[in-house]
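Only one chain is shown below, in structure tokens, and it's the form predicted on its own.
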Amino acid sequence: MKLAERLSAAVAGGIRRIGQIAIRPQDGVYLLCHIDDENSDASLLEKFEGSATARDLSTWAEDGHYRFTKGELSLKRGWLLQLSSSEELRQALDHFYPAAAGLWFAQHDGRLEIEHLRDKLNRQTGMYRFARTLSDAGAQRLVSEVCGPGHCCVKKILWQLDANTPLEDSEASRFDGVTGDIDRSQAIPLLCREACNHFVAEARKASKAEQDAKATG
């Protein structure tokens, strides 16, 4: 079954949310809006049609800053997007949260591949090669300082430091990838299968700081 068809079946089965997006099937179309606008007067929301609009809606936050990672908890409000087919729904959700629905289905199917942090960092070259030497303690600390809703990322972390070293307990490591108060069975969680480029960049800085501290200590 194609991804759009699986997505349509999931919505028909009760899925109503992904990230900060509320999904409502209505008279053969799909209506998307910000979860905080779900109970607002629809006549007051700006109307859009078509999946391409999702790219613009997801690029800039309410305060105008560029959303460098789509997992940011900063999606702007005030719009209502109408989609005419399950394929348009798939395309729109891929603009809002790239590959998120596909990762969820892959996890359901038991075929989701996860890359642990050490494997990710050991692949880094050039200026980012310094990230390879980040200590385990530094990596654990960085997770709590960079990831999780407290730092505006609302993805569920699936990776560990390595195959034998889980993440320490923290708000970031506990977060389940579902935003807001909703029955978890009605939401597609945002999944983090590998550390993002932002985390790698922060790992490089933290590793250099560790090396500098050793040199001056």
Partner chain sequence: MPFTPKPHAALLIVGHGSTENPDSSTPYFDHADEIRRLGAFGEVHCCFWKEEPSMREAEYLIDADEVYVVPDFISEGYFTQDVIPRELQLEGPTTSRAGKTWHYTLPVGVHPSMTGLLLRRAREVAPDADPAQTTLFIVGHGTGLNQNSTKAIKDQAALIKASGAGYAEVLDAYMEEQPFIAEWAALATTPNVVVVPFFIADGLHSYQDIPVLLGIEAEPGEAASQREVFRHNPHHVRGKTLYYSSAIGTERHLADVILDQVADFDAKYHEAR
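Since this is a predicted model, take the numbers as computed values, not measurements. Residue numbers count along the first chain shown, from 1.
If you look for the form predicted together with the partner chain, you will not find it shown, but the lines that follow are about it.
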Exercise for the section: Verify the contact flag for His108: yes if a non-hydrogen atom of it lies within 4.5 Å of a non-hydrogen atom of the partner chain in the model of the complex, no if not. Expected result: no
Problem - Leu73, heavy atom within 4.5 angstroms of the partner chain in the model of the complex - result: no
Exercise for the section: Indicate whether the partner chain has at least one heavy atom within 4.5 Å of a heavy atom of His116 in the model of the complex. Expected result: no
Problem - Contact of Arg17 with the partner chain in the model of the complex (heavy atom, 4.5 Å) - result: no
Practice task
Would you point out which of 24-32, 169-177, 37-45, 55-63 contains residues with a non-hydrogen atom within 4.5 Å of the partner chain in the model of the complex?
Solution key: 55-63
Handout entry: Site check Gly50, Lys156 and Ile182: each within 4.5 Å of the partner chain in the model of the complex by heavy atom
Key = no
Problem - Those residues of 90-123 which, in the model of the complex, come within 4.5 Å of the partner chain by heavy atom - result: Arg90, Gln91, Asp94, His95, Pro98, Ala99, Gly102, Leu103, Ala106, Arg111, Leu112, Glu113, Glu115, Arg123
